[in-house]
Every structure is written in structure tokens, then in C-alpha cells.
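In C-alpha cells, the next block holds one chain alone, the form predicted alone.
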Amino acid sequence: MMKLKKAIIPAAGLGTRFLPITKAVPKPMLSVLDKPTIQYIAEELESIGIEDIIIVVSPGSDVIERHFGRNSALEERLIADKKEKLIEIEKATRKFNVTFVTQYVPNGLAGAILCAEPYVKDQPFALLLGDELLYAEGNQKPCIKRLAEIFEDTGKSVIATMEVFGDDLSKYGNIGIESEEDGVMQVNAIKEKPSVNEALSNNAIIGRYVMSGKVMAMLKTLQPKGNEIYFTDALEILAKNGELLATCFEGERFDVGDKLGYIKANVELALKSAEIGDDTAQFIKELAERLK
């Protein structure tokens, strides 16, 4: 079985929910604490030793490339000032083997993935969506590592899922489950953003996937619906063919594409910070008293 070596991070969205800041700053560069969301996502891949990351950007997103590149003037200044800790932080931004490709036509997630086709071809790939941060700590297994292990055991595409209820079902892609063994679900159907009455289960699709080598060619055959090519159409074909698995994940998920989710991510990770965790907790306690 071919080993997983490639990952795609689609980062070409306009980020209209965060205007006006996203007029000048690409949404993937919005920070949670002092680190842009796209760096958190790249760091998830360290758990599976991914060799190549392809980041799909929109035109004019050179700031993302600069973030992952070398800043000689900054590095020289930090060295001259003997700021060892900051030197390590700066180096951490350029330890990834990243290729950037521009999505000139905004034709959906499948279109963004196809922009990476020259670099992936018929190889399997991990797919991590930029609106979601998945945080594992301690003995928790990173979500993408769990997916990679299942793929390498079975050869089947595998997606991450979580349980949702009520009206929240209509916010996500939804899976039908044929069977489940040892936490691995055999998916037999996909429904995009169903109503409560239409839902196939309480399991929603979230933005972490490991796709088999046949998927890129499959995406090329999909017919656009309006201006978009839908990635869920490919997932639906895989499900009908018995070639799609799903699993839940350990840790916490933050929807940083939503304003409230973005605030929650900042607060939660601030509380976990060795530098400001205690002060953040104290501030929250004082704030809670004022809100009573």
C-alpha cells in the first residue's frame, strides 16, 4: 500500500465573515494567540511525518508564503540580540516543506483540491480544511494521525466525524452508517447539510480527511453545479462503492471560520498557555463576576 506523503491545505477562501480585516489579511493568517491558524494546521501534520504540504491560496496571498519563508533581516536581528527563544519560534515557521499553488477560479473545495493535482497526481493525500483547528494534548491521538492509521490499515479513504444534534445538523455534511467496529464506521451514504428530518445519522463531516490515490482522478470527472465542483459528490461515490470510512476524534475542535468559534479558540488556548494561562483564568473569573 502506498504510504501517505502528501497533504493539501485549501486556503483560498475570501473570509467574508471576517471583513474588514480579511480585506488586507488572508483569513488563514488570522491568529489564535500569537500564531496564525494555518500554522496550527500545518503542525497537525507533524504527527504523521508528512513530507510535502501543498497550500492552495487565492491571488494576492503572498503574506502566507512570507510567513512560511525565511526573513533574513529578522533572523539576523534576533541573533544579534541573542534572543534564543524568539529565534526558535521564527525557525518553527519555516520547518515545513511547503508548495504554494494559486486558485484563480473560486469553484469550490473540489476545485481547490484539483489545483494541487500536479503535485499529488495519483498518490493518497491528507486534506485539512483551514476553518477548523483540532487540538489534542497529553495522551490524546491527533485526529489526522488516527485517520492516517486507518487508511494505512485498510487502503480506504477515511473522514473525521463528530456527533451533532438538532438544528446544527443542517450546518454540516452528514453520513449514513452501515456498520461500526472498533470506532471505525463504514459509510454508505452522504447528504449535504440536511434538515433534521432528512438526516442520515447524528454524525457530521468535519474538515479532516485522508483520501486514497484514486480520488484526484475522480474529482476530474465531477460535473459542476452552478459555479462549484462539490467534493461531497466524490465522497458520495466512495460511500456507494463501500470505499469510505469515518471515525470520531480525540481532543477539541474549534470552528475558527465563525466569529464566536474564533473567540472560543483564543480563550481556550490562552487558558492552556504556560505563559498567560493563569492570568487568563483570573481575568475570566473577574469578568464572570461583573457579568452576574
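Residue positions are given as counts along the sequence shown, with the first one as 1. No experiment lies behind these values; they were computed from the predicted model shown.
Not pictured, yet referred to below: the form predicted in complex with a small molecule.
Annotation: in the model of the complex, residues 132, 173 and 232 each come within 4.5 Å of the small molecule through at least one heavy atom. For the options 110, 205, 199, 116, the residue carrying a heavy atom within 4.5 angstroms of the small molecule in the model of the complex is 205.
Among 193, 156, 145, 214, the residue placing a heavy atom within 4.5 Å of the small molecule in the model of the complex is 193. Only one of 216-224, 179-187, 124-132, 80-88 lies within 4.5 Å of the small molecule in the model of the complex by heavy atoms, and it is 124-132. The small molecule is not shown here, but in the model of the complex it comes within 4.5 Å of a heavy atom of residue 253. Although the partner is absent here, residue 209 lies within 4.5 Å of the small molecule in the model of the complex, judged by heavy atoms.
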